[in-house]
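Each of the two blocks below gives one form of the same protein chain as structure tokens; they are labelled structure 1 and structure 2.
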Structure 1
Amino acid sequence: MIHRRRATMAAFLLPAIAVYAVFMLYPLGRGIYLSMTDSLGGPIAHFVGTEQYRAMADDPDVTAALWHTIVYAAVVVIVQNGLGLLFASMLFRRPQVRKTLSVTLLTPTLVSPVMAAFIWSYLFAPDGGINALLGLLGLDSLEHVWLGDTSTALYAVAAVNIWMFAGYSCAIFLAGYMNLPTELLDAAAVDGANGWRRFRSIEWPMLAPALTVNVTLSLIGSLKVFEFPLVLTNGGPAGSTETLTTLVYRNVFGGGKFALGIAISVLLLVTVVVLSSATSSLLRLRERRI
């Protein structure tokens, strides 16, 4: 009887395993193999072992792109989730405007990333909306060539990412807020725990699952960012916004270094898996300790 049940379960799982193997495992294995060849993208490729990885390790552009990717992800994860938490906290306390403002915060996500990048490229222009607004506010000294300065370009690109997806973070935190037990919040109010004290002692610990989801999703998304740096700056100025994804694109489609580009994409995959798994594990451990 047990054998029949196991056979039935295996029969149901077999199509899913086959699809996963064809569309996930095979491309992954093929990509790793191509990263160990001298392939130029054509049918002819010779196995060269770890030569592409050694070239990658000696390439300062790869090191810089890896650093830019990590900095970009750190800025996006911290600021996006900080804003999402702030907006969710405000909306939770104002149920009369919650629905309207929630829709407003999610509106940027309806725009395609490429279109959003084009819009913000005009806003960040020297004579664009950001500098015009600063001028109107009498803050002329803060006017800047946001996308043309190596010290601000990466953060300006990250700001567009944050603008677009802060609403997602807010929605997840708000769902966490809505699951807080009202009896506990009422008891805290009776005991005089309001404002910062209530947030620190009750809301923040009980929002741990929402924090884990938000941080993990935003970390994975920001490590894989492609459209924003490509459209806004094309990796410039002076490579200051070059990330691993744009470097893969440049090597595979523009630099004639197909195998090196694939090797960089493997590096990106390892980076995403290691950082997201470690972060998620730490946050899950924190959840269990609370």
Structure 2
Amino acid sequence: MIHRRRATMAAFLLPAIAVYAVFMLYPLGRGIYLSMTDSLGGPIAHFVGTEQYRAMADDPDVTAALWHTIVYAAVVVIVQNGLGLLFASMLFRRPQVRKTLSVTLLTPTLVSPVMAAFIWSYLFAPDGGINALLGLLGLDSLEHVWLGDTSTALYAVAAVNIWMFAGYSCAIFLAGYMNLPTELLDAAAVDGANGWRRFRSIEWPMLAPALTVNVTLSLIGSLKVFEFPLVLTNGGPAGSTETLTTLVYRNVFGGGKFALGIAISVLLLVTVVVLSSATSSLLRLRERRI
């Protein structure tokens, strides 16, 4: 009887496996194969081995996009989680405003990336909100064409990403805070440990799991960023905000370099898998040491 039960249970897996295999695993395998052909998307494709990858390595656009993606991810991971942690630790110490403010901080998360990009493209415009605000504060000298300057565009795009998800980081850190054993915090308070001391020697080490989750999620999310650079700058100015995803999109659906675009997407996959698994295993190791 148990045996038949097992068989029925195993059958529950079939619909999910079917959809997953056809629309995820098969395209994944076919993509890796197509990256080794000269396919243009049509029925004719010849196997060319590593030719696309060699072309990719020689293509300055690809190396630039890889670099932009990594810089973008580093800025987002550090600033977004720094802000999230700051907000969370301040909110944790203030239970009377905690709920209202943490929910308020989450509102940007509900906006779609496209809509957030719409709002910020105006705020960053030469005659837009940020410059008007700077003028109002008498800081005219800081006014800037934020999205039109190759030295600031990538950071401006990252700022929108940070604005959208800092509240999310904060919520995860707050959840971590809520799991701290109260006895330990009480004991520290009785021993006269002040705020910074308590943070440094109790909260920071005990927030390790929340940090792992936050860093891993924001790393994966920022490595596959697409809508922000697409809508805000469309990769410009002078390609300074071109990331791996926008380059994949451009090559596959616009440039006629179908197979090269797929090869870039494999590069994206490798980047995401290598960086995220390295980071999360390092952070897990750190968790165990603490």
Partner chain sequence: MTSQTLSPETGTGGAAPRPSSDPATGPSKNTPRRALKSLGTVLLCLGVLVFVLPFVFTVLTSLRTAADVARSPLGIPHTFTLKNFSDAFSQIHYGRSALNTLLITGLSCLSITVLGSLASYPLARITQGWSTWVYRLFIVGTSVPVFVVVAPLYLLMRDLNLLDNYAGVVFVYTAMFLPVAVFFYTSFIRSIPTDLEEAAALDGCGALRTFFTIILPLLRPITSTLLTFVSLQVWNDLIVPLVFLQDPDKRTVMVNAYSFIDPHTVQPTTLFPAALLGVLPLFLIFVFLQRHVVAGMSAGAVKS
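Treat the numbers as computed from the prediction; the structure is a model and nothing was measured. Start at 1 and count along the sequence of structure 1; that gives the residue numbers used here. Only the largest set of C-alpha atoms that superpose within 1.5 Å between the two forms is called the rigid core.
Q: May I ask which of the two structures is the form predicted alone?
A: That would be structure 1, which is the form predicted alone.
Q: Using a rigid core superposition, assess whether Val273 undergoes a CA shift of 2 Å or more between the two structures.
A: No, its C-alpha moves less than 2 Å.
Q: Once the two forms are fit on the core, has Leu282 moved its CA by at least 2 Å between the two structures?
A: Not so; Leu282 is displaced by less than 2 Å.
Q: Upon rigid core superposition, what is the positional shift of the Cα of Ala21 between the two structures, expressed in Å to one decimal?
A: So the C-alpha of this residue moves 3.4 Å.
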